[in-house]
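Only one chain is shown below, in structure tokens, and it's the form predicted alone.
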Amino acid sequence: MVVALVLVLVAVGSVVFHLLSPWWFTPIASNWGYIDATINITFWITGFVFSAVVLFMAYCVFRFRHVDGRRAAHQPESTRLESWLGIATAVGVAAMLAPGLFVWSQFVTVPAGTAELEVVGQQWQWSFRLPGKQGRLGTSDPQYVSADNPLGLNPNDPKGRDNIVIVGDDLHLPIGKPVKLLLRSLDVVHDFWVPEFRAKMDLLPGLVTYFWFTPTKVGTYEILCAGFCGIGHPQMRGSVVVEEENAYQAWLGKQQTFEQLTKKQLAKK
């Protein structure tokens, strides 16, 4: 009886703890509310299964407790029960997978006219590259990485000369405008994650990954690396500043292009 009661308290306590828990999601700051909805669907399905299993265990412990003179009846299998359990499990798994596949399709299907920018990860800082007045990003290659060219931009590509290079500083974005992030790593695997955006993606050496989102709330949001990348991993942080268009353009006007940085480095030599 005590064991059965403890199991019931575990099931009921888990539900109550969730409803009263202070650890809810942080306020969302992008268009990816679909991800919250998907996580909630998964949670409620798994929570229901957990509660049902624990309560069933409590019932079995109480119903089939030891009683003098009672003998257990052995049933090696039940085709009907196994069929229903198989169907219920398949439906539950499909209910969890389907929303995720729908959201993933949206996550990587970039709307026409979306602005592009590049996120570059390296041990242990974030850097960024934005298109210049031409509106295009130039090519890059690790062979060009140097102290004078930390992001490895191709110096022979005219499309990259006006690209804006931001090394180890904040990234600013205008509110309400969709943006596609092109992600690459210069050394090991990193993971670009801004919790309030509900958006994250791995950065892999030799590959360019991407996702898109639309900032919806003015503010400063912390960038975290969600992939263990070495001893300095906890300090690999940055900030995304979402602001109104006028403030964004004022910030953009103060940034230096790849060509300007190259000339400055040459002048120092």
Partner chain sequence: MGEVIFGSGGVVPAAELPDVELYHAKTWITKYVFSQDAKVIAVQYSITAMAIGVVALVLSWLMRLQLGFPGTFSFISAEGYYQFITMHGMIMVIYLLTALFLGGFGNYLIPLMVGARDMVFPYANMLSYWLYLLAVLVLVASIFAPGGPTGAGWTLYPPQAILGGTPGAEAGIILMLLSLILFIIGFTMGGLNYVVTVLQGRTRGMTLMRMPLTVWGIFTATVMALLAFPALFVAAVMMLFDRTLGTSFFMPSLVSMGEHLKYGGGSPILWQHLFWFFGHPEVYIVALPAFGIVSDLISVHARKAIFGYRMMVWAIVIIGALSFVVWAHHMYVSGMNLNFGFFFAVTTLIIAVPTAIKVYNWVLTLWHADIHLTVPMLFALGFVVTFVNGGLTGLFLGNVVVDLPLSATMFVVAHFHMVMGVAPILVVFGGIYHWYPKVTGRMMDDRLGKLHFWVTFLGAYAIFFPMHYLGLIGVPRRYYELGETAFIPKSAETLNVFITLAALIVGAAQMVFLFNLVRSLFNGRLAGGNPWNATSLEWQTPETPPAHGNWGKELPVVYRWAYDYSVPGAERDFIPQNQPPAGVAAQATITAVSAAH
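In this text the structure is predicted, and so the values were computed from the model without any measurement. In this text, rigid core is short for the largest set of C-alphas that superpose within 1.5 Å between two forms. Residue numbers count along the first chain shown, from 1.
The protein also exists as the form predicted together with its partner chain; that form is not presented, and the subsequent description refers to it.
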Check: Is it true that Val10, Tyr59 and Gly100 each have at least one non-hydrogen atom within 4.5 Å of its partner chain in the predicted bound form?
Finding: yes
Margin query: Pro131 versus its partner chain, in the predicted bound form: is there a non-hydrogen atom within 4.5 Å?
Written below: no
Check: Do Val218 and its partner chain come within 4.5 Å of each other in the predicted bound form, heavy atoms counted?
Finding: no
Check: Though only this chain appears here, would Asn246 touch its partner chain in the predicted bound form if you measure heavy atom gaps against 4.5 Å?
Finding: no
Next item on the list: Consider Val188 of the chain shown here, and say whether it contacts its partner chain in the predicted bound form, taking contact as heavy atoms within 4.5 Å.
Entry: yes
Check: in the predicted bound form, which of the stretches 83-91, 164-172, 131-139, 112-120 has residues with heavy atoms within 4.5 Å of its partner chain?
Finding: 83-91
Next item on the list: Sequence order please: the residues of 173-210 with a heavy atom within 4.5 Å of its partner chain in the predicted bound form.
Entry: Leu186, Asp187, Val188, Val189, Asp191, Trp193, Pro195, Glu196, Arg198, Ala199, Lys200, Met201, Asp202, Leu204, Pro205, Gly206, Leu207, Thr209, Tyr210
Margin query: How about Ile41 - superposed on the rigid core, does its CA move between the shown form and the other one by 2 Å or more?
Written below: yes
Note to self: Aligning on the core only, does the CA of Gln75 end up 2 angstroms or more away between the shown form and the other one?
What the structure shows: yes
Note to self: After superposing the rigid core, is the C-alpha displacement of Ala95 2 Å or more between the shown form and the other one?
What the structure shows: yes
